[in-house]
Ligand SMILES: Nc1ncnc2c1ncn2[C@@H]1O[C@H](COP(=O)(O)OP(=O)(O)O)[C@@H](O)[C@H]1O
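Okay, so here's just one chain, in structure tokens, the form predicted on its own.
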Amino acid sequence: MILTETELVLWGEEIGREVVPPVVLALRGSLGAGKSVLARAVVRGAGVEGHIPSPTFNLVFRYQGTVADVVHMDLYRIRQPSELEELGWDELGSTEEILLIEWPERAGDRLPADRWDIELRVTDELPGLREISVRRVGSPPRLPSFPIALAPGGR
């Protein structure tokens, strides 16, 4: 799928409003690919207002939303999966919350078995657009699909 940043935000907000927790979204992509843009949109869709900072330096932010609670993690600064213990990793995803994980590859084989892997890419051929691929791993709850109006064929 190919989306503009505005379309990515709209989809993220829909996820935050519609997905049934508990759910894990593993957000993959290089720096600047749009992981934080999508994460913030999901948090907003879950009913969180106010400033939503990137958890790059704090590693974890927890939000109470009017629709769902959200945990947003950024594992960029994690060097080994053993460092996840300090973040309360084993308890994450066990309650009715949306768990957003940026840089999930840093968790190694500790990622939850049931999750959505969402990869975002910016390419030179598509300036200003994001190429998105979504892969279901295990049996996570249904993820809202891209709205028909945003589907690549509609361009």
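What you are looking at is a predicted structure, and each value in this text was computed from that prediction instead of being measured. Residue positions are given as counts along the sequence shown, with the first one as 1.
If you look for the form predicted together with the ligand, you will not find it shown, but the lines that follow are about it.
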{"item": "Contact of Ala113 with the ligand in the predicted complex (heavy atom, 4.5 Å)", "value": "no"}
{"item": "Partner contact for Pro53 in the predicted complex: the ligand, 4.5 angstroms, heavy atom", "value": "no"}
{"item": "Asn58, heavy atom within 4.5 angstroms of the ligand in the predicted complex", "value": "no"}
{"item": "Distance check, Ile118 to the ligand in the predicted complex, heavy atom within 4.5 Å", "value": "no"}
{"item": "Segment that reaches the ligand in the predicted complex - one of 126-134, 43-51, 83-91, 61-69, heavy atoms within 4.5 Å", "value": "126-134"}
{"item": "Heavy atom contacts to the ligand in the predicted complex at 4.5 Å, residues of 31-54 in sequence order", "value": "Leu31, Gly32, Ala33, Gly34, Lys35, Ser36, Val37"}
